[in-house]
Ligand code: TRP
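Take a look at this single chain, the form predicted alone, given in structure tokens.
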């Protein structure tokens, strides 16, 4: 049985959004029936963006709870929080010696930050070494398959290279994982219709927010700019609302009919967005209720976290001992 590993960075107080769900969470839930899954909240990663300790703590527990509401099953899956596994950061320190500054400088996260700030001196080392920590997250658990969005594929590739470099030096110690990208949902567009959905860009639709917040975001979706009036013909390919309806499994025949009406100018953008709003709330209704229920039982959530940490530590510590023996630190 293959071991599948995936994690998410709790970098926002807004919680998880539509892009998170279809890009990472839904595939992760489906994988629970296909292999041995290790899923985690990557809260150590969040430290290069989130500097308020209360936000770090609250974001971690919020996302941990939301994953459970979506259907992560702690009985099937090793479900844990990154900071509860000290072997990961120890392994990161060792892996720092398997990658060059030049290689890390080519990583898109660093390059994007450099482009925005235009000052290398202002970029923190945590962001620069993000791929090394991610490699440690993966290699500590002998993962076989890493399902990620296209934006993270580069980091998995450098993880594979680090593992090869380590094994070339010290023998066959680390398992080299395979990359898995589910193309059709790897990059969910934001409500601007252009960039990937992101909390930091404000172009997201949060799943567990108040209904008025969700409606505001949906009504803010950018549509065909050439369509000035509801009676003007429009291009469905320039209205991401239709993409969301398809993701949310809206009736196919009705969707085809709606697109034809859009082309003819017999249905307005507001009406389409209202349909999306109703479909969205219905699709996530049970998950939203489940989160409300879970949030009322923090003792249960903390017990699940403790159990997950125990199971994850048992695996990661064995890997770390093999690595320490290989490099001469044992």
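Positions refer to the first chain, counted from 1. Predicted model, so just to flag it, every value in this text is computed and none were measured.
Another form, the form predicted together with this ligand, is not on view; read the next lines as being about it.
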Quiz item: So which of 273, 291, 305, 45 gets a non-hydrogen atom within 4.5 Å of this ligand in the model of the complex?
Solution: 45
Quiz item: What is the one choice in 127, 148, 163, 245 with a heavy atom within 4.5 Å of this ligand in the model of the complex?
Solution: 148
Quiz item: in the model of the complex, which of 221 to 229, 208 to 216, 137 to 145, 234 to 242 comes within 4.5 Å of this ligand (heavy atoms)?
Solution: 137 to 145
Quiz item: Using 4.5 Å between non-hydrogen atoms, is residue 152 touching this ligand in the model of the complex?
Solution: yes
Self-check item: Proximity of residue 323 to this ligand in the model of the complex, heavy atoms at 4.5 Å
Solution: no
Exercise. Report whether the minimum heavy atom distance between residue 4 and this ligand in the model of the complex is within 4.5 Å.
Key: no
Quiz prompt | Distance check, residue 64 to this ligand in the model of the complex, heavy atom within 4.5 Å | solution = no
Quiz item: Which residues within 17 to 40 place at least one heavy atom within 4.5 Å of this ligand in the model of the complex?
Solution: 40
